[in-house]
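This document opens with one chain alone, in structure tokens, the form predicted alone.
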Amino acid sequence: MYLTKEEEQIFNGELGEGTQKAIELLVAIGDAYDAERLIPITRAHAASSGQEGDMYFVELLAKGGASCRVPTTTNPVYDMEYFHSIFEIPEKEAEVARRVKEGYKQIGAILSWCCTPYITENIPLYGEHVAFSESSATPYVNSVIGARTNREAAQSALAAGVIGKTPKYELHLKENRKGTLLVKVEATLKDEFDYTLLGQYVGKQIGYGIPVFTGISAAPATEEFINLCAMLNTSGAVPMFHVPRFTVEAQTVEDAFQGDVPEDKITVTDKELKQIYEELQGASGKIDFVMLGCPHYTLKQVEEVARLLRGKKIHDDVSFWVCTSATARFLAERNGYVEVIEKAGGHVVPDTCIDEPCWHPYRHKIGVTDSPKCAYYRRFKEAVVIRLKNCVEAAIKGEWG
């Protein structure tokens, strides 16, 4: 890779050990992908976690004197005071989470602790080069917003935030952003859960690629796009997609494929969505918990939970959790939604994710969720995937099926 004079100084350690470690990682990635040089970015999002690998890298950079040159938001860890008052969390795991939080604070990141920063705390503009990690964030930023990012790891995104640059390869180049497969949607998409199933099915079918969706007649809502993004990049490895007319880089199918429309295609009907839904079903019977907010629920979704729970009571044997951003939680409290959910016996918690060690007490429990991504993390004995209204019904009855 070609390095500028300043980049060479950083690489040689002349500007500190922390920035040296950051650029060493970026250069190694660039060499692996035959990138010619580094390019400036305007923002980053690091998929932080309360786990040891993340702790090691952020402390390595912070102890070396590094700090973020561009706005860099953080993924969830967990609200330690809140969860320690409810669960008995092993001290070793708690110490890791504390050190992760302190490391990101020391390095000058924005402590958002949110997995959907692209709608609240860290919103790119069309055409910006950025470095975003997190499963829903990468395809949302590329597809819905039209900024440019690769599928970064927590470490590479943090390194990019520290240096303010990233290797120029893959999705930073226009020619690599064209569609690779046509997806003909003949299924009826009524709500965000149908988009969840669509993303789960297509991601599972294609693995890695850039699908181009046709047959979607109305602009998807924000929550529908978020769920589509998350599941495409969980059941598969989809960094972006096109929905001609409704995503920003393609008005037509020809635009999406940059004039080279392939013959290969897959068709998705109601039959395929029903099939994938049945695959996500597990055993019926007594449940221990309901887990919502993977990805983090928006204010609109928290409002819907409150509407479904108003005047009702969650079963005494069921724990009911809604994970959301600090921003959405603040507004939900101001609007009275949190009060309704808590009065019913539920919890609305910011700053955490289903993939965090704070859920350790549920490792032998059975519950329900509206998110295949939540079930994928396998923090529980079993998490059955059903629609939100069914989750609420199960919470009230204490059982599913």
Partner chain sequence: MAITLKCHKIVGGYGEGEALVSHEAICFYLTDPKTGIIREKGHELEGKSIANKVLVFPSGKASSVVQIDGLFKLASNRVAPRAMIVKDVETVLIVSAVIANVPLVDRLEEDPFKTIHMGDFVKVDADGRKVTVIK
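What you see is a predicted model; the values in this text were computed from it and never measured. Positions refer to the first chain, counted from 1.
One more form of this protein exists, namely the form predicted in complex with its partner chain; it is left out here, but the text below deals with it.
Shown alone here, Trp359 lies farther than 4.5 Å from its partner chain in the predicted complex, counting heavy atoms only. At a distance threshold of 4.5 angstroms between non-hydrogen atoms, Gly53 is in contact with its partner chain in the predicted complex. Contact annotation for Thr352: none of its heavy atoms lies within 4.5 Å of its partner chain in the predicted complex.
Heavy atoms of Arg329 never reach within 4.5 Å of its partner chain in the predicted complex, leaving it off the interface. For the candidate set Phe257, Phe246, Phe289, Tyr169, a heavy atom within 4.5 Å of its partner chain in the predicted complex is found for exactly one residue, namely Tyr169. Proximity to its partner chain in the predicted complex, defined as a heavy atom within 4.5 Å, holds among Ser143, Ser156, Ser112, Gln301 only for Ser156.
Only one segment in the set 337-345, 23-31, 359-367, 36-44 has any non-hydrogen atom within 4.5 angstroms of its partner chain in the predicted complex, and it is 23-31. Applying a 4.5 Å heavy atom cutoff to its partner chain in the predicted complex picks out no residue from 203-237.
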